[in-house]
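What follows is one chain in structure tokens, specifically the form predicted alone.
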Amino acid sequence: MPFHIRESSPLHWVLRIISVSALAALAVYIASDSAPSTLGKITEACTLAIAAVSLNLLLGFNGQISLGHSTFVGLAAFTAGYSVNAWHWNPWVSLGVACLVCFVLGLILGLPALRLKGPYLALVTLAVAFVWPTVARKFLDQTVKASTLKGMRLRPPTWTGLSNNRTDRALFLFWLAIVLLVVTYVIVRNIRKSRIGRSLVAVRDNETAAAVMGVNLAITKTVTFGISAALAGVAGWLAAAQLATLDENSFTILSSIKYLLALFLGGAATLAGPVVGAFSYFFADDLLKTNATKWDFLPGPLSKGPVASFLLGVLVIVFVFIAPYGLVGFIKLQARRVAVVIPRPLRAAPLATESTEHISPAVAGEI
């Protein structure tokens, strides 16, 4: 019989603190004992995780399908790269501007969601994802007058004590990516745990019932689209801080597919799912790309050509059958055999006060 743990009980908080402490210790160990190339890969994985977390708010919790999140990421990256290099803005100011631009675009793209849903909304966002590379190409031709746009090449602030060399820049971007990922996760978690989050889930499950309960469907859908786009802009800004150059092929429909894969591999509509899925997908892909071509035991045609992509596709298909609810869902299912977290009991309704006990029934009815 599984062990029962009351939510927010002292034991539950102890387990939470141990988990967070273990993750913090792991981050410190990686930062102190890893090469710049390894730190760079983890930074890329964090960028993917931030984009997946932003998509989870829209698709996982609100039920709006988006295949165009690569547009928000690309727009933020181009906004940051151009404003810093051409207008000499402070990179941290460009972060706020990039998120604001993505938020406005998200509100605009959220308008079709008021009348469309399911595959029809997916087609609209897919069209946006296909249009973005053309817009980026025109931007480069008419504004930058070059085939590429320089990244921000973010330098470590002086208060960090780090120098402007490859090793220290990789270390600074590593910690910056961790902080931005934690901030994005906390924002989505607080939204999900709030009254707004319950409205999002209600709209996802049944729009008619949500409207009857007083949820404003128009505001909920459009604002959620905007917030999700703004959070995706954080991923774009981080990509611009890491990449040396940006072009129209930096953020295509393939990037949106990666975000979806990371989300569903980890577990949609779960808080930790996008993060777990992003890291799992990124390092599985990196492992196959690095080693699959050296595996002599692969038979016939598998030993040649893009074998890494083929094997990754096979792994994804097999994984869907093994864990249809994602890695986090699979882990939770196994953990319930050992321990179960019991939700906190609902608060009882307050009793009538003495001042209302002596009011006549007629007056009480008017109140």
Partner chain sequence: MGHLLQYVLNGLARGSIYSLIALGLVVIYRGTGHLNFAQGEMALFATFGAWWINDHGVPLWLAIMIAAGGAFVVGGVIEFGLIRPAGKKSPFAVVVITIGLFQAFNSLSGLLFKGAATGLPFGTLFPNKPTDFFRLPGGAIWRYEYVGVLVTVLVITALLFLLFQKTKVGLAMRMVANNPDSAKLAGVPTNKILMLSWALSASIGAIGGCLVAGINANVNLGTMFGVFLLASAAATLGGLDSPLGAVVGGLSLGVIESLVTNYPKSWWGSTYIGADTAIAVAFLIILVVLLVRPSGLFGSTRVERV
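Values in this document were obtained by computation on a predicted structure and should not be read as measured data. Positions refer to the first chain, counted from 1.
Keep in mind that the form predicted in complex with the partner chain is not shown, yet the notes after this line are about it.
Exercise for the section: Consider the chain as shown here, without its partner, and state which of F283, W92, F130, W295 has a heavy atom within 4.5 Å of the partner chain in the predicted bound form. Expected result: Of the listed residues, the single hit is F130.
Exercise for the section: Select from the listed residues F78, F264, F225, F174 the one whose heavy atoms reach within 4.5 Å of the partner chain in the predicted bound form. Expected result: Answer to the contact question: F264.
Exercise for the section: Look at the candidate spot formed by V124, K138 and A268 and say whether the partner chain comes within 4.5 Å of a heavy atom in all three of them in the predicted bound form. Expected result: Result yes, every residue of the spot touches the partner chain.
Practice task
Spell out, yes or no, whether the shortest heavy atom distance between P112 and the partner chain in the predicted bound form is within 4.5 Å.
Solution key: P112 belongs to the contact set for the partner chain.
Problem - A35, heavy atom within 4.5 angstroms of the partner chain in the predicted bound form - result: Although the partner chain is absent here, A35 would stay clear of it in the predicted bound form, with no heavy atoms inside 4.5 Å.
Practice task
Evaluate P119 for contact with the partner chain in the predicted bound form, applying a 4.5 angstroms cut-off between non-hydrogen atoms, and reply yes or no.
Solution key: Yes - in the predicted bound form, heavy atoms of P119 and the partner chain come within 4.5 Å of each other.
Problem - V338 within 4.5 Å of the partner chain in the predicted bound form, heavy atoms - result: No, V338 sits far enough from the partner chain in the predicted bound form that none of its heavy atoms falls within 4.5 Å.
Exercise for the section: Could you tell me which stretch in 249-257, 94-102, 235-243, 157-165 has residues with non-hydrogen atoms within 4.5 Å of the partner chain in the predicted bound form? Expected result: Checking each option against the 4.5 Å cut-off leaves 249-257.
Practice task
Select from 65-94 the residues with a non-hydrogen atom within 4.5 Å of the partner chain in the predicted bound form and write them out in sequence order.
Solution key: Result: L67 alone.
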